[in-house]
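Take a look at this one chain, the form predicted alone, written out in structure tokens.
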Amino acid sequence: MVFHSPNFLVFLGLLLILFVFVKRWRLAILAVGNIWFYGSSGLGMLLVFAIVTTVVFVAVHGMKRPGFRWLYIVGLAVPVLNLVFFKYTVLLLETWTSLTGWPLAPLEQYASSLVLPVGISFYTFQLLAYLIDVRRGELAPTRSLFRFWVFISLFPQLIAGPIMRGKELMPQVDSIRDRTIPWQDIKYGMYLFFIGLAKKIWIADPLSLEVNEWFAQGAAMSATDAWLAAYGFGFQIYFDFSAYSDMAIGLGWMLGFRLIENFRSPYISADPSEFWRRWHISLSRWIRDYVYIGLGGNRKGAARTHLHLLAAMLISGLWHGAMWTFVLWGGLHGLLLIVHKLTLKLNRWQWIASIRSSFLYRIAAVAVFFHIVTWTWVFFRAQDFGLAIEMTQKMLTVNWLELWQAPLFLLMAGLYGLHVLEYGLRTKEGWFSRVWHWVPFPIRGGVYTAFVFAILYMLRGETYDFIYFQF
């Protein structure tokens, strides 16, 4: 079941009615709703998810008992091996064959038939974070497997995040039965949900058709097409993934939960460090707290700090997909972070620090870094490494005047403008809300009705899964 399907809207309506009016049974309603939502993807996937969750729950409660510390390793290993088995078996077998020349045809045939459980990367990281936080003493574990299941399988953020920590979400689960959900919260949740839905079906899905056509050309695409393809995919993945996050956060508001912000207009970033504070924020902080800091962070000298940064970003790339192009994409961002960290040493000269703090420098830095990020998306989207290199070579030789005159370049410029406008609207959301509510209710009601009917009309056509469902 996906957020942008009529079936989900019916499911959501029924669940909200029960959730609001039957407060005593809210946890049970959520538990059944989570099972129904995830089980619609397949009972086998649901069973695997339930088993892995139960193993981690047992490990959490057993690992601190004398003689049972090994359960911590079990709690780490089971979700990780589950992820590796379903997501990386094909990659491992193909890599083995390419390195040794010894094909394992029966195993490769079996591996290619595996169906990747939806949301596996997200619930794996959430389970690992919970286990590690308890191990570190940062979280007191719940004694209820039932409540733990509600926490880990909460349907708004189950499939594609945001990745929530136990100390953030578990207290909300514990108190949800007694919480009053004001109508204002439900309205705000509906606003976020429908904004996300509009971004998905009005921008991301139509844009995917153009992007697929560009990349389908392969090495035959021109330098202009290569840049347009990279621009297009950068906006497609942003509007697609941020749409899901908006919808998930909106659903949380409707149900009385506060999920963390996952995107903060990343394409206005002036450097790689800022980008990762704005892009997929819940994953960025997970990688920082459990990989980068876990490896030693910046506590072991400059060289080790850079190595830890690179390792963290390589893991981030591998998390995104079972192809070496994803690992290379993560490695590129790791190198960008290292170079940026090295250039910060130049700020010791006051005149350089002064230039860097100026508004004009920021405008130039945003423009340059946006194009660097756009280039890295080629490695994320290209079918193979060869095509990514071919596109890179062509992008380096582009005639910029010809690119700027391309008809679809205006579309890309418009999408960037929309991205900046979204930042302004979100930053001043309270002010815009007050201005909007000065408009007479009949006019506002008409706009709401037209907006919803336009979305429902678009849902009648072909829709596409969210990009991050494959991760």
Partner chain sequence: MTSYTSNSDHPTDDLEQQAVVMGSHAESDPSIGGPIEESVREQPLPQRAERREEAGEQRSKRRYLGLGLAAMLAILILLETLVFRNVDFYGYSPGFIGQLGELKASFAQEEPEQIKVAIFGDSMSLDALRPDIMEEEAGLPRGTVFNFSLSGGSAFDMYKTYKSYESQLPALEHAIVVVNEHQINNAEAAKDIKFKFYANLNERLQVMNADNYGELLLGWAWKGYEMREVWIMMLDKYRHDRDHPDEPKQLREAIPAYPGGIKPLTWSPKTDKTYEHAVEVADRWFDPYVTDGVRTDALGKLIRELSERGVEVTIVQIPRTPFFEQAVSAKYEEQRQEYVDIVQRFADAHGAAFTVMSNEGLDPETDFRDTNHVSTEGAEKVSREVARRWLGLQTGL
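Residue numbers count along the first chain shown, from 1. Predicted model only: the values in this text are computed from it and were never measured.
Separately, the form predicted in complex with the partner chain exists; it is not shown, and the next lines address it.
Peer 1: In the predicted bound form, which of the listed residues (S222, S144, T392, Q172) lies with a heavy atom within 4.5 Å of the partner chain?
Peer 2: Checked against the cut-off, the match is Q172.
Peer 1: Only one of I163, V378, I237, L337 comes within 4.5 Å of the partner chain in the predicted bound form by heavy atoms, so just point that one out.
Peer 2: Flagged contact: L337.
Peer 1: Among 418 to 426, 45 to 53, 61 to 69, 403 to 411, which stretch has residues whose heavy atoms lie within 4.5 Å of the partner chain in the predicted bound form?
Peer 2: Selected stretch: 418 to 426.
Peer 1: Does the partner chain come within 4.5 Å of a heavy atom in each of T100, M323 and R356 in the predicted bound form?
Peer 2: So, no: the whole triplet misses the partner chain.
Peer 1: Contact between K300 and the partner chain in the predicted bound form at 4.5 Å, heavy atoms?
Peer 2: Taking the distances in the predicted bound form, the answer for K300 is no, it never comes within 4.5 Å of the partner chain.
Peer 1: Taking heavy atoms only, is P182 within 4.5 angstroms of the partner chain in the predicted bound form?
Peer 2: P182: yes, in contact with the partner chain in the predicted bound form.
Peer 1: Is E94 close enough to touch the partner chain in the predicted bound form, meaning at least one heavy atom pair within 4.5 Å?
Peer 2: No, no contact at 4.5 Å.
Peer 1: Is there a non-hydrogen atom of F85 within 4.5 angstroms of a non-hydrogen atom of the partner chain in the predicted bound form?
Peer 2: Flag for F85 set to no.
Peer 1: Scan 185 to 201 and write down, in order along the chain, each residue with a heavy atom lying within 4.5 Å of the partner chain in the predicted bound form.
Peer 2: Counting only heavy atoms within 4.5 Å of the partner chain in the predicted bound form, the contacting residues of 185 to 201 are D185, K187, Y188, M190, L192.
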